Ligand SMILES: Cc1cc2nc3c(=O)[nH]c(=O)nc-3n(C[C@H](O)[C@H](O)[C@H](O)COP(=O)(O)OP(=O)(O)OC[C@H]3O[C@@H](n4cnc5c(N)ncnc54)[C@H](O)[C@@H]3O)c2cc1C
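What follows is one chain in structure tokens, specifically the form predicted alone.
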Amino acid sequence: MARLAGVAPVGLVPKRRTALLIEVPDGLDAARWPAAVHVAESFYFKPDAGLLLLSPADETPAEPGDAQPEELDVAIAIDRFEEATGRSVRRLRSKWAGLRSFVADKTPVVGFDGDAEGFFWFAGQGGYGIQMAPALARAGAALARGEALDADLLAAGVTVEALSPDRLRRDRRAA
């Protein structure tokens, strides 16, 4: 959209994330399990509708389009699950991949572009769009109206500068 509007890019990169559903290993009831995320965020798993959702937490740069899971990423997710839990995966129920967009610092880009009057960015939520949607929408609405961020967002460490598309251009100019 930025290119169509003649606005300089901020470096959004689509990255593939792979996910799969497996049957819960025999003898276990995962219905009330919390999400389990490796400390290095190299994989995660969590209960999902009577099954387990696994991901290798991949962030593979990909061309925009219909993302498909790579067999290697599926195998990595299964291997990491089996290594961490000591349980074997009996059956893969389904697999898919999706694209998530990021900028270099992995922080969303929200605000008016300082080099393109009237152009408002709201992009780069990565894999956390749904989780951060209510707060980020409030921040975006305030910025679009020219208002200050709400006190609770400021108290949580959200700043106009951290969201600004201009931060990405300043970083490139300083380099």
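For every residue, the number given is its place in the sequence shown, counted from 1. The shown structure was predicted, so the numbers you read here are calculated from the model rather than taken from an experiment.
What follows is about the form predicted in complex with this ligand, which we do not show.
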{"item": "Answer option from Ala84, Val89, Leu99, Ala104, heavy atom within 4.5 Å of this ligand in the predicted bound form", "value": "Leu99"}
{"item": "Single option in Pro47, Gly140, Gly114, Gly127 placed near this ligand in the predicted bound form, where near means a heavy atom within 4.5 Å", "value": "Gly127"}
{"item": "Partner-proximal stretch of 22-30, 143-151, 35-43, 118-126 relative to this ligand in the predicted bound form, 4.5 angstroms, heavy atom", "value": "118-126"}
{"item": "4.5 Å heavy atom contact, Arg17 to this ligand in the predicted bound form", "value": "yes"}
